[in-house]
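Take a look at this one chain, the form predicted on its own, written out in structure tokens.
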């Protein structure tokens, strides 16, 4: 039988991927983070209108390990990280896979600004230790990883790159459309960009800013126009989180999406969670960026179509 050349030709990329994941683990282990493994099959995902979970029987493959990891925070684990597979329906393209690898880490006594600094430090150390160099090129765009990285608020980004304000886009229910079409292509082109302070209605599980409750303490990291990470100062008010879940579930139903159960155990334990911050980073996308791959297919062992 002939060797599968497509799989064989990925050896170099998979070798670099393995080195990258090894250095990610080393970074967190050296800083007293505990690596955890939480269940992949859960009774209830966090309801989000733009994310659909795969259902297996009456349970769901997790779209992120965040609910279980936050329950660990509430139980007294102050620094935890996890590298795991996650699943999301309908996500397939050059930068998307229905099954992908996520890095998530959480830290008590930290907010989203502290996580920006840690994210910078982690990526820079991993890139250097895995022998990528301090700069790289992605799709003919030179990206400099020297600090400080760019930081721009969502409100400022809309004023700079769009013809509508952040508030107008939310009112018209066009926030995601404007972000994708007008703003994302400008982010992280010459150096990584943190875009922060998302509108409160896009806060998800993030705390609102006390001095400006119209925005949530949330940021996303972009490199080469590619969204790489999403982070929050965590909301620890169970009643507010329950209300957000209910509103999101109501919206999901209004657009014809299947209902999800409410994650009651998470909500019941949320009151015990200390002030914390957490972040999810796409490992496949990070490797794709660093290797200047044309598509995410080039940095995974198998695509869905090859199975």
Partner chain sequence: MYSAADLRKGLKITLDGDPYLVIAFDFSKPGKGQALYRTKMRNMINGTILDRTYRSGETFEPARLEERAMQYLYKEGDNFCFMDNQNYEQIAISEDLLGDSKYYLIDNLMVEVLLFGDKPIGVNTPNFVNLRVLQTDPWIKGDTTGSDSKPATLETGYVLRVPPFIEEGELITIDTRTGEYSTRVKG
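Predicted model, so just to flag it, every value in this text is computed and none were measured. Numbering follows the first chain given and starts at 1.
Missing here is the form predicted together with its partner chain; even so, the following discussion is about that form.
Looking at 155, 71, 191, 202, which has any heavy atom no more than 4.5 Å from its partner chain in the model of the complex?
-> If I apply the 4.5 Å criterion carefully, the residue I get is 202.
Of these, 180, 113, 121, 75, which has a heavy atom no more than 4.5 Å from its partner chain in the model of the complex?
-> Only one option qualifies, and that one is 180.
With heavy atoms only and a cut-off of 4.5 Å, decide whether residue 107 touches its partner chain in the model of the complex.
-> Contact check for residue 107: no, nothing within 4.5 Å of its partner chain in the model of the complex.
Report yes if any heavy atom of residue 148 sits within 4.5 Å of a heavy atom of its partner chain in the model of the complex; otherwise report no.
-> No, residue 148 stays farther than 4.5 Å from its partner chain in the model of the complex.
So in the model of the complex, does any heavy atom of residue 51 sit within 4.5 Å of its partner chain?
-> Contact with its partner chain, yes.
Taking the shortest heavy atom distance, is residue 212 within 4.5 Å of its partner chain in the model of the complex?
-> It does not: once its partner chain is placed as it appears in the model of the complex, residue 212 has no heavy atom within 4.5 Å of it.
Counting only heavy atoms and a 4.5 Å cutoff, which of 233 to 241, 140 to 148, 160 to 168, 89 to 97 contacts its partner chain in the model of the complex?
-> Comparing against its partner chain in the model of the complex, the contact stretch is 89 to 97.
Look at the candidate spot formed by 23, 30 and 35 and say whether its partner chain comes within 4.5 Å of a heavy atom in all three of them in the model of the complex.
-> No: no residue has a heavy atom within 4.5 Å of the partner.
Though the partner is not shown here, which residues of 202 to 222 have a heavy atom within 4.5 Å of its partner chain in the model of the complex?
-> The stretch 202 to 222, when checked against its partner chain in the model of the complex, contributes 202, 218, 220 at the 4.5 Å heavy-atom cut-off.
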